[in-house]
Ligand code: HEM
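Presented below, as structure tokens, is a lone chain in the form predicted alone.
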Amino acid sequence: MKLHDHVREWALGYIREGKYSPVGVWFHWIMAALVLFQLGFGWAMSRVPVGGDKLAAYSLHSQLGLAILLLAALRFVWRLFIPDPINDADAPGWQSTAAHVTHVLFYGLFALLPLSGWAMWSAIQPVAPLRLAGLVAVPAMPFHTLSQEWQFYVLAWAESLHLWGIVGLSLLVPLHVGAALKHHFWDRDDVVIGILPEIEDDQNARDHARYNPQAG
């Protein structure tokens, strides 16, 4: 059996029990932390006076945005490789439809916001160096070949898209959190439990139940 078959079988062991695999769980929580940080940091960054500190803040914001774009792409590939578990949120009805639409919108915004930010960064000449998560050099979009007038157009459009993306994300995040709280405390179903990281005791009990021949 090849390595990817072993990985898939390992992940599917969680899926069959109605849980996300540890890879899917950490994709979710790392991206959630980054998105919340970016929203808060972006708000604070707009109040920094023009100068070196503001440029450094923009650089950090852009680097983390590109990291979110990469993580979203990797998470999408992982979801193609390992399907999501079937849980109570998949029951037929408007809530299931709303959940799937919300996920599509999230992925769209995870692409729109970093790409529009990258375009904004690239449209300001001369372009300062940019790195993915502060590690990997990222080339600017080729706007240096455009006239200054077109560079201003690109900057204006990218700023508008970025702003609307922020508005959309600021609405989706509390909606998503509210839906999760409803599932957990009102409906008392398995939706939230499936995406929570497992602690050591839970993992030991889970392994014992899976491999103990006397377990029911």
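Sequential numbering from 1, following the sequence displayed. Just so it is clear, the structure is predicted and the values come from calculations on it, not from any experiment.
Beyond what is shown, the protein has a form predicted together with the ligand; the following relates to that form.
Under a 4.5 angstroms non-hydrogen atom cutoff, the ligand in the predicted complex lacks D187 among its neighbouring residues. Though the partner is left out of this view, S46 does reach within 4.5 Å of the ligand in the predicted complex, counting heavy atoms only. Taking non-hydrogen atoms only, L175 never approaches the ligand to within 4.5 angstroms in the predicted complex. For A156, no non-hydrogen atom is located within 4.5 Å of the ligand in the predicted complex, even though that partner is not displayed. The three marked residues, H28, L36 and G42, each reach the ligand in the predicted complex, with a heavy atom inside 4.5 Å. Contacts between 145-183 and the ligand, taken as any heavy atom within 4.5 Å in the predicted complex, involve E159, H162, L163, I166, L169, V173, H176, V177, A180.
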